[in-house]
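First comes one chain, alone, set out as structure tokens in the form predicted alone.
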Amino acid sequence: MAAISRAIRYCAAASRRSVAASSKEVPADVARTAAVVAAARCGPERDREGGRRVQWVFLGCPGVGKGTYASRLSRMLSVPHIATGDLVRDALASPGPFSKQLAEIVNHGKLVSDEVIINLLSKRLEEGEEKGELGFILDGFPRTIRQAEILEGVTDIDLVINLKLREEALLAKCLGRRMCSQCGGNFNVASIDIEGENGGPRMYMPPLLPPPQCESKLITRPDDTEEVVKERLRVYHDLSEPVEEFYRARGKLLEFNLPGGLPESWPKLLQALNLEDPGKERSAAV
């Protein structure tokens, strides 16, 4: 994955220069990079230890649950779950002027620039390569057409899972999110019960409440206000939805409408992915 990381950085820089470029000849260093990246692709379905080598992407509006489902699949398939939102939050927690500049962007519901995301992701892939990681499940990248084109140019994504949820449920979920300031656990205090559309079944999503030891330590993320959440959804629709069409045109997009909370949605998602439902994961979902 170090090759992928280097290629992401190279292609990001090259894409900024592509308008001025006129020669169609492929430079030797680009050809070498492409060859190395090709060798780093998925390979066999399973490695020696039984884990699957997958390169998947999760798409979906902020708050839809990409991290929840991606992390469960990560455990099932023994591949790392790489969430760019977590990478940004780690950067925000670091001291220095960069974290302050980043906070101004995030707290106003704006998208972090491609350059920042690409640098954070490249660093994470390099760290993973040093630990011997194979494959990945990306959560939060790509979010723009430019990011999708960069990723497409350096590695072969197997599958893109696009999670969908009604906007009123999304808003309620985002406003109900809480995090434990001590253990870092994520919870949700919202109890969502919405009438079905066009005579369909009601949508019920129970709260995900913290254990007693975390109840007094819950905090709300500074960007989980109604104004900021609505702005984030607007930005997503404007800039990120075209990414869905990018992968749809390539036959890699799996659209999945969440029917409710984890107990209802998890087994149906596994069925859509043609994966078996291990008892331990089913229990964890409930």
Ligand SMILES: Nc1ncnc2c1ncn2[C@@H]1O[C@H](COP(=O)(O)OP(=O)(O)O)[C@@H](O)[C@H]1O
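Start at 1 with the first residue shown and count on from there. Not measured: the values here are computed from a predicted model.
In what follows, reference is made to the form predicted in complex with the named molecule, a form of this protein that is not presented.
Can you check 74-82, 160-168, 204-212, 141-149 and let me know which stretch has heavy atoms within 4.5 Å of the named molecule in the predicted complex?
-> Single hit among the candidates: 141-149.
One residue of 112, 134, 175, 179 in contact with the named molecule, assessed in the predicted complex (non-hydrogen atom, 4.5 angstroms) = Looking at 112, 134, 175, 179 one by one, just 112 meets the 4.5 Å heavy-atom criterion.
Would you mind picking the one in 192, 117, 154, 125 that has a heavy atom within 4.5 Å of the named molecule in the predicted complex?
-> Spelling it out, the residue with a heavy atom inside the cut-off is 117.
Hey, in the predicted complex, does residue 223 get a heavy atom within 4.5 angstroms of the named molecule?
-> Residue 223 belongs to the contact set for the named molecule.
4.5 Å heavy atom contact, residue 88 to the named molecule in the predicted complex = Answer yes; at least one heavy atom of residue 88 falls within 4.5 Å of the named molecule in the predicted complex.
Residue contact check: residue 62 to the named molecule in the predicted complex, 4.5 Å heavy atom = Output for residue 62 is yes: heavy atoms within 4.5 Å of the named molecule.
Any residue of 242-261 that, in the predicted complex, places a heavy atom within 4.5 Å of the named molecule = Going through 242-261 in order - heavy atoms within 4.5 Å of the named molecule in the predicted complex - there are no hits.
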